[in-house]
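Starting off, we have a lone chain in the form predicted on its own, written out as structure tokens.
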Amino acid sequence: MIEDIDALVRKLERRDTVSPEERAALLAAAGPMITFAAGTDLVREGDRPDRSMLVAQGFTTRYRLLGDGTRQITAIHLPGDFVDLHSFLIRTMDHSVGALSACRVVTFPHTNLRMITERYPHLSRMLWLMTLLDSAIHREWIVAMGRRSALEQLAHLLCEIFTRLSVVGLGDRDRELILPINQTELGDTLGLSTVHVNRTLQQMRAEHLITWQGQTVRILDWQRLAGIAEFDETYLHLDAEAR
């Protein structure tokens, strides 16, 4: 089971120290493992879950459906991310979480999370930090959608995902990543039409910024891509310090 929470521990340890006792408490709080096929929902808007879910493998997406059936993706969750930790306190889900790829999640019953908050104050602050990081990423996405061009927005998303994967030990030294997202889903993420997404990808290829074959993305020129995106990882709060 330790390998199933390894990405979470790496994510926490990048920001602070996790004691052996705290690691053991996380393991003790973990419940059953669940697998989901790509395209299925982990939790739906209106649900009142009694557990939170940690991504162990795969990619998931947080989204809202509009009345006309269109979708806005508001977050992409990677291994080491809780998709609904906030449901511990905000009981009714006001959005859905779906599987972008086949994924495996570790469940954390809310009764067990309550035990952590009562017995392990430092670990509780670290879990609180995880929800604050989600909020920081949301803010950056809002800025991107409101003020960045399509090229800048997509460049920023790729820089962010690669950096987040690297934090949990999944970033390739050749800056290659597996990104299980199609152009329609990219449009739902960036607030762009599929045609606009396709045009932006073609521009990135023509300028030798990336290659994108199937689900494999390779960043060819990190400095230029990060410069176009004005990517500053400060909002990911990667400095280790006492919390």
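In case it trips you up, residue 1 is the first one in the sequence shown, and so on. On a predicted model such as this, the values are computed, not experimentally measured, just so you know.
Unshown form predicted together with another copy of the chain; subsequent notes refer to it.
Visitor: I'd like to know if Phe162 sits close to another copy of the chain in the predicted complex, meaning any non-hydrogen atom pair within 4.5 angstroms.
Guide: Heavy-atom contact with another copy of the chain at 4.5 Å: absent for Phe162.
Visitor: Taking another copy of the chain as it sits in the predicted complex, is Arg104 near enough to touch it, meaning that at least one heavy atom pair lies within 4.5 angstroms?
Guide: Heavy-atom contact with another copy of the chain at 4.5 Å: absent for Arg104.
Visitor: Would Thr35 show up as a contact with another copy of the chain in the predicted complex if we use heavy atoms at 4.5 Å?
Guide: Flag for Thr35 set to no.
Visitor: Should Thr117 be classed as touching another copy of the chain in the predicted complex when contacts are defined as heavy atoms within 4.5 Å?
Guide: Output for Thr117 is yes: heavy atoms within 4.5 Å of another copy of the chain.
Visitor: Counting non-hydrogen atoms within 4.5 angstroms of another copy of the chain in the predicted complex, say which of Leu151, Val143, Val168, Leu78 makes the cut.
Guide: Only one listed residue qualifies here, and that residue is Val143.
Visitor: Heavy atoms within 4.5 Å of another copy of the chain in the predicted complex: which of the stretches 181 to 189, 27 to 35, 198 to 206, 213 to 221 has them?
Guide: Residues of 181 to 189 come within 4.5 Å of the partner.
Visitor: Out of 130 to 162, which residues reach within 4.5 Å of another copy of the chain in the predicted complex, heavy atoms considered?
Guide: Those in contact are Thr131, Leu132, Leu133, Ser135, Ala136, His138, Arg139, Glu140, Trp141, Ile142, Val143, Met145, Gly146, Arg147, Arg148.
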